[in-house]
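One chain comes next, on its own, written as structure tokens: the form predicted on its own.
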């Protein structure tokens, strides 16, 4: 996306002195439910009211949304509260219906982002449309796929773009419904700093008690806003009840958030920061040097295994090392998840080095 410096300009239209807040129920259920939620959110920091009209489900038989009738309810919300509205679209027909009902912002869901054919269909349907379009990350942790979806829209001359970080599916057990994998949106920021970035803590956490900490983490990483599922009576919600908050709880969360300055020009602060960063650079250099030395020893082991015709992978040894490192990591205040990821990567690199030696003629 060359010459993409103006992608954040549409945010300025909202004249906000705080991160943008998109809030509303996971699913439109009834007109009364929608209006109840919207009127309670009207006097909060919420700028855009969200509601799922079409709900893609992993398996048939679950609630899949009320359909087009919900768009009329969104229109009523807009007319009676003044809030702008947004909903998810997954095909060209959804786009046509949403635009007919004056929806102000559209978003593309994770299950659609993963499919370039569907994204292209949406890009074609949206060509030349002058409303913001937000793209959720794909279900799997694939930055190229995420950016590819944005680029397809950009190539259709859509300039009011943004992305939503909703976490990534994983078979590994975690306290999150979808693992944040913060390094992926951070890399996206590094490549396209002018692309607005929102967090969806509801889908990352899957639990309402995680919403505050996830929002604060996102703000600490300079995100531009958040999309939070908010329902008048969350426990009675027709979908994703556990991850929705009440409008009153949303207001409490927003008041608790601390928006930090991304940069401070004070000389004392800059000098102290530079000293600490220099220390970090030294640690990083040491880490890489030690890892290089470790791989040299790994290669020596590989030569020994080759001479004795022993298999590269020794599962018992690997699990012994991992358990030991997780235990040591806890003493250093490092989480088991973090230590496991590091040593899984080291283990895979070690296998690669030894396999190269095994395959040498």
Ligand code: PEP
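Numbering follows the first chain given and starts at 1. Worth saying up front: this structure is predicted, and the values here are computed from it rather than measured.
Missing here is the form predicted together with the named molecule; even so, the following discussion is about that form.
Remark: residue 56 counts among the residues lining the named molecule in the model of the complex, judged by a heavy atom distance of 4.5 Å or less. At the 4.5 Å threshold, heavy atoms of residue 146 stay clear of the named molecule in the model of the complex, well away from it.
Remark: residue 103 does not count among the residues lining the named molecule in the model of the complex, judged by a heavy atom distance of 4.5 Å or less.
Using a 4.5 angstroms limit between non-hydrogen atoms, residue 73 is distant from the named molecule in the model of the complex.
Across the options 281-289, 108-116, 123-131, 187-195, residues that bring heavy atoms within 4.5 Å of the named molecule in the model of the complex belong to 108-116. Along 199-227, these residues reach a heavy atom to within 4.5 Å of the named molecule in the model of the complex: 200, 203.
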